[in-house]
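The chain below stands alone, shown as structure tokens; this is the form predicted on its own.
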């Protein structure tokens, strides 16, 4: 397979054509933070936490949605990028009601881990005064819109892996929220197969399994990538027949 040569944080690497900068950085042992990216799902570039600087490019680019290029000189950790990520994290915290001490995902939350990693210990923006109503209509799972970061990983896992297309996004601005079957309570969504893939894909405590209390949510986020890798192997075998 043809490859391109580039540098990431001063390290020269070779990457296959078509790979994105986040994938190339991961293979090179460089971690680029992000919330919306999940192996096995399509790329949307929604969270903008994975922005990187490329020499000769005036603005940072999302690593998950930028393909590798010959002779690229990429920087993933600069003062400008660190400040950008800290502000974005503060805004994500302020958009909802992320009280870690009262969340089922505390200790297993990607947003919480990023805040600790980047030194975000307070928020300079004013969060909404009231919590949004939870949807507990599903017999197994619950949805807390006040904790949702709109990464759409659940939407893509439901559509691209399970093929149910239950979840969607509605509204604008601070009114944006997830909807099941175009607006019915989750428990009434006829398309839902109760597979739990959306719950496993959620990086925070927005989607959770009922019966879990504070700090008890533990999910296998590799479920999606494992299933898609298996699907791709089977598709490859069919092509070879």
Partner chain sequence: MSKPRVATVWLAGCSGCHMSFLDLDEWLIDLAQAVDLVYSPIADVKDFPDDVDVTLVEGAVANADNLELLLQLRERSKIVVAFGDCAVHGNVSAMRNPLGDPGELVAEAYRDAVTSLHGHLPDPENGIVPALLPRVMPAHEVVRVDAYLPGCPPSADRIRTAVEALLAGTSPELAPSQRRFG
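Residue numbers count along the first chain shown, from 1. Not measured: the values here are computed from a predicted model.
Below, we turn to the form predicted in complex with its partner chain, even though it does not appear here.
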item: Triplet 29, 56 and 81 all within 4.5 Å of its partner chain in the model of the complex via a heavy atom; value: no
item: In the model of the complex, residue 140 touching its partner chain (heavy atom, 4.5 Å); value: no
item: Residue 98: touches its partner chain in the model of the complex, heavy atom cutoff 4.5 angstroms; value: yes
item: Contact of residue 112 with its partner chain in the model of the complex (heavy atom, 4.5 Å); value: yes
item: Partner contact for residue 71 in the model of the complex: its partner chain, 4.5 angstroms, heavy atom; value: no
item: Residues within stretch 122-145 having a non-hydrogen atom within 4.5 Å of its partner chain in the model of the complex; value: 122, 123, 124, 126, 129, 130, 131
